[in-house]
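A single chain, nothing else alongside it, follows as structure tokens in the form predicted alone.
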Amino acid sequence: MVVKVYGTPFTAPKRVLLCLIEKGIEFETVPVDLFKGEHKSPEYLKLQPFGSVPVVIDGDYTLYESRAIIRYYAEKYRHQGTELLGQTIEERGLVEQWLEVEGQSYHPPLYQLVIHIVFNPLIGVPQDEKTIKDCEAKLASVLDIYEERLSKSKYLAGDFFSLADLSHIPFTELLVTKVGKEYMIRDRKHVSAWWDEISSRPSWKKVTEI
């Protein structure tokens, strides 16, 4: 059964596509045009009542929220493709820990930077320089913690690539390109090496080609 991924070529759906490619799972994408409001249509809201992307349909099973989706497929196809959850319960704990850090501490200030610097100008909303400055400071503090962690291990959960690393890729790509703040990565030796490693994976190259 081919997995259907409803979404856009934006960041959260790319998180799901990355996981599916790493696990060797066949999928097809179903475009949802946010600018046309397709995510608020009655048909789409039956799949995702909050009107956000992505959503996956796997046979008669429907799931939304990108981090829940990647956890699901990493577990369902644990013995296929890249092992993304760790080999032991302790490694799994660290994977979950850093996934939570990404979702709760890393993503929020970065998301606000993307909104204020990338998307607001597209819809004619003035940039809020104070918000941008505050979010940059918050993200810098998180990245300082990452720098310390990555001075001790190649990846966030240890010496293996996992969901914790994978989940960072799409939005960090925006940070170093569209947001124009690559220095936040490059000014930190170990974070920079980690970013080069995870962003050069064949799976990410395939996602960028879709």
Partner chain sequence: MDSNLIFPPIFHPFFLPSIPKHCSYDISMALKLYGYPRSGSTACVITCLLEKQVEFELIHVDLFSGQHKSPDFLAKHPFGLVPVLEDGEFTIFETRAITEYVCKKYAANGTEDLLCSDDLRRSALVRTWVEVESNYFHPAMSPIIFQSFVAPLQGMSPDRKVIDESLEKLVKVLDIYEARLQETKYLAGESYSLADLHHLPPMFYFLRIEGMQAKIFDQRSRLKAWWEDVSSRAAFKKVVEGMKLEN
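Residue numbers count along the first chain shown, from 1. Every value quoted in this text rests on a predicted model; they were computed, and no experiment measured them.
The same protein also has a form predicted in complex with the partner chain, omitted here; what follows describes it.
**Student:** Is there any non-hydrogen atom of Q48 lying within 4.5 Å of the partner chain in the predicted bound form?
**Tutor:** Yes.
**Student:** Spell out, yes or no, whether the shortest heavy atom distance between I89 and the partner chain in the predicted bound form is within 4.5 Å.
**Tutor:** Output for I89 is yes: heavy atoms within 4.5 Å of the partner chain.
**Student:** Taking the partner chain as it sits in the predicted bound form, is S153 in contact with it (heavy atom to heavy atom, 4.5 Å or less)?
**Tutor:** Residue-level check for S153: no, no contact with the partner chain.
**Student:** Does R67 reach the partner chain in the predicted bound form, with heavy atoms at most 4.5 Å apart?
**Tutor:** Taking the distances in the predicted bound form, the answer for R67 is yes, it comes within 4.5 Å of the partner chain.
**Student:** Using a 4.5 Å heavy atom cut-off, are F171, K181 and V207 all in contact with the partner chain in the predicted bound form?
**Tutor:** Not one of the three qualifies.
**Student:** Which one of these stretches, 158-166, 27-35, 173-181, 55-63, sits within 4.5 Å of the partner chain in the predicted bound form when only heavy atoms are counted?
**Tutor:** Partner-contacting stretch among the options: 55-63.
**Student:** Between 102-138 and the partner chain in the predicted bound form, list the residues on our side with a heavy atom within 4.5 Å.
**Tutor:** Residues within 4.5 Å: Q104, S105, K138.
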